[in-house]
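What follows is one chain in structure tokens, specifically the form predicted on its own.
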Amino acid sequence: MINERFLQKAEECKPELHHETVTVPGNGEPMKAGAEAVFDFGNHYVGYLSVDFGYEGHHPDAPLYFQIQFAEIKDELNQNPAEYHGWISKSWIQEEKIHFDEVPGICALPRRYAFRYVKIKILSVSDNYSVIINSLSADTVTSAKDDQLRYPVLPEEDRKLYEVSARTLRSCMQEVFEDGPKRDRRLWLGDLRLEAIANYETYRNYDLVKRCLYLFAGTTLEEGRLSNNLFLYPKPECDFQTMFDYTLFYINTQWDYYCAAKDLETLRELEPVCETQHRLLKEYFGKDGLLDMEKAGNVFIDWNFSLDKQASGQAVYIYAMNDLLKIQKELHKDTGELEDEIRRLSEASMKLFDEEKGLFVSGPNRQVSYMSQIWMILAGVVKDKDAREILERVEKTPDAVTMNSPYAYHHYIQALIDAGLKDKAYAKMKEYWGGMLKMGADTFWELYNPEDPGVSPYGGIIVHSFCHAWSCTPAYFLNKYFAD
């Protein structure tokens, strides 16, 4: 379903992209077929690469044929693209094989890349000349305005954490808040929510959030259900996929935007979109007040195939309804039924609390996981002392299913803060994201499991996003909760 008026409002908020040229010197060495060289741009960039080729010997009498590979982290260059057979399309692998006819000259690649490292391998060249790489230049792009970036007063040890977090967000701020500038380069609802709150504490580009809200509202599935992600070209179009939790997060993103921008007009205009999600998804609960997972379908929560998501999904719904209640109260609507629903589902959630374990369980096998506890706390089902005891107890439960992604860890940090464990939240944040820094991260990654840093749900790290939207929130936490 297309709402042209909403799409027009989104277009009015389309940002200007800011360009900066970054150049590194070439190797200056004559190269024949089989020779290769790696170039380090010194930091992570998103943009368009040009290579200035020269030559030595006789005038070039045949095209240069070369391979170029881009990498966000150096280890990607050690991966053989031919050996990747995962379920994510290998077309996301950042490599090209190019015939270039105009040596000497500048070869400008038309596609946008996300990278720090560039490897060039000469595949074929005439015997009559050798190729020389004079320099490489990147035309970098972002819609983030560097002069708008807030620099909070932080201890020296936290500045790197803040800067890498902000750079992660900066790279993802393009014409929309992309989930990752390498892959998928789309607008995803779950990522948008976290990017938006980080943006409010850093670059404060409110119009970019507004644009994304209107894009989702302007391109819905049947009955007005929101997709989990959107394509922008050749025209805005929603994906066919839905995720129960991602759909609900539109409501939270709308409320967070209003709290930051005080844009009552947008809140009033988009509240019906929020209410439509409520109307559609409340039908997924049984008479016992518990989420029916067959009806709910795909629930994300974390990149963890062993995670049972009923308890988390139940709590995410309540979490979203808490913000819908705030929206409707702000607009002076009758909220009696919604308040009753929140109360009923919160009480029903306690059926998932195992008194003997002192923890929430999920699904037919009564699984204990960190995420079930985290989301029940974020939803306000348990609070204060009870919340603190649950978080301490789950840490002492050896078989509790743990977390795999920065997305999950964000919610863990927030739950610790909400439970009054602010010092512990700070320590856990530094320990987790600091682990990526110790591994040389210039931007924060899509996936990071300290126990298994090479874990991949895709079948290989060569398609991983090592600059990913949902990893950018240390800047949010540092500025909002821990800065002087």
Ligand code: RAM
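Everything numeric in this text was worked out from a predicted model, so none of it was measured. We number the residues from 1 along the sequence you see.
Omitted from view is the form predicted in complex with this ligand, to which the following refers.
Q: Counting any non-hydrogen atom inside 4.5 Å, which residue from Glu275, Asp256, Asp184, Asp239 sits next to this ligand in the predicted bound form?
A: If I apply the 4.5 Å criterion carefully, the residue I get is Asp184.
Q: Note which of Glu76, Glu201, Asp191, Asp308 lies within 4.5 Å of this ligand in the predicted bound form, where distance is taken over heavy atoms; exactly one does.
A: Checking each option against this ligand in the predicted bound form, the one that comes within 4.5 Å is Asp191.
Q: With the distance limit set at 4.5 angstroms and only heavy atoms considered, check whether Tyr246, Trp303 and His468 all reach this ligand in the predicted bound form.
A: Yes.
Q: How about Tyr458: is it within 4.5 Å of this ligand in the predicted bound form, going by heavy atoms?
A: It does: once this ligand is placed as it appears in the predicted bound form, Tyr458 has a heavy atom within 4.5 Å of it.
Q: When this ligand is placed as it is in the predicted bound form, which of 135-143, 262-270, 151-159, 175-183 ends up with heavy atoms within 4.5 Å of it?
A: So the stretch in question is 175-183.
Q: So which residues in 413-449, when you check this ligand in the predicted bound form, have a heavy atom no farther than 4.5 Å from it?
A: Contacting residue: only Glu446.
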